[in-house]
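Before any questions on binding or motion, here is one chain by itself as structure tokens, the form predicted on its own.
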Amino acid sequence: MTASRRGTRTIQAAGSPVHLGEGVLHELQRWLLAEAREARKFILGDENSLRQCLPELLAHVAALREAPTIAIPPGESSKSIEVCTALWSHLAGSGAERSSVLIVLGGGVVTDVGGFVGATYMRGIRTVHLPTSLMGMVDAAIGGKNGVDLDGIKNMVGTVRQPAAVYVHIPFLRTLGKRELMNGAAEMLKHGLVLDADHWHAVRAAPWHDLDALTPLIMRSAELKCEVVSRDVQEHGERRLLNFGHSIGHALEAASWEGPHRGLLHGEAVVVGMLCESWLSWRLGLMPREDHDHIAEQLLMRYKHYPFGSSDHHRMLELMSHDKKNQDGRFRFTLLEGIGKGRIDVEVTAAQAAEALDHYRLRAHDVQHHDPQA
């Protein structure tokens, strides 16, 4: 991590700078004037991020005040080829050139869509991420992975292409409610579980509503993500550690939007995935029982139980069968050897995955309906 002007710190993620700190919007203004003064600039956001965050961005970054804005609907439904096609056509019709710059202002969905559109329009134009959600700041905007969903399967189509830069302006988080903050905190907890036990303990104990307390933890999560990405850009090995909780979590997230209950946010689904995959880590003899019990206690204390029935297992297992980590038709999970130490490419059978879902379904319901502290 290096320091720069106005208290901004910069971390490299596979050659892509991630700027954090008080002066990031001034740093963006400086970069635009130095590197993209004559380039066409476009600002992509969803209806929420453009309403809540664009005024603050333009107040500090004069170089973007004449840039046209492009809005997509909020939510996972925008992660589609149809939305991307509309964006490509809009850019082409607006005269966007290979030298143009796409400013992506939004949370995880906007980041995924904007990164994919920027990576593919004219075979790639410069893309700058300005994440407005906690999920975007610690995860989605860092590392160059982007993509859209296909036939209900998460992130089935996409690329790995590093953005020109990422600017993490933490005051944007003031626009978020409790649910969105908890959504992003799930990824921070995951960083701790697979990479850094001290970070796990710091995040689980932090008051998530207090941005002053959360700021150094956001910086540490971003740093952990950058370090892993820099060592394994294409996800051939170590970067798969970051998939802990996602094999089951992605399937549950997709299934939740098909069923009668409320659709889960990404981090909420990952929490259920981490509970299930932590239990599998113990059941398969990788992790001590006390570590699993501690993880389960902390996650169930913070996050509400999500109801589903055993009849939903078939659909979730079907969705899991499309996971990109699978090999030769067999599930490959990232599990834990202990708090702060993950293990990639652990073979898990469909029956074991279903057993983990049953364990979560029954234990979480029991804990949160009988424990007066839940």
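Start at 1 and count along the sequence shown; that's the residue number. Since the structure is predicted, the reported quantities are computational estimates derived from the model, not experimental observations.
Absent from the display: the form predicted in complex with a small molecule. The rest refers to it.
Contact annotation: of the candidates Glu76, Asp291, Asp196, Glu227, the single residue with a non-hydrogen atom within 4.5 angstroms of the small molecule in the predicted bound form is Glu76. Using a 4.5 Å cutoff between non-hydrogen atoms, Glu180 counts as a contact of the small molecule in the predicted bound form. The closest heavy atom approach of Trp279 to the small molecule in the predicted bound form falls outside 4.5 Å. Interface membership of Thr175, defined by any non-hydrogen atom within 4.5 Å of the small molecule in the predicted bound form, is confirmed.
Contact annotation for Gly136: at least one heavy atom lies within 4.5 Å of the small molecule in the predicted bound form. Residues of just one listed stretch (57-65, 303-311, 342-350, 40-48) have heavy atoms within 4.5 Å of the small molecule in the predicted bound form: 40-48.
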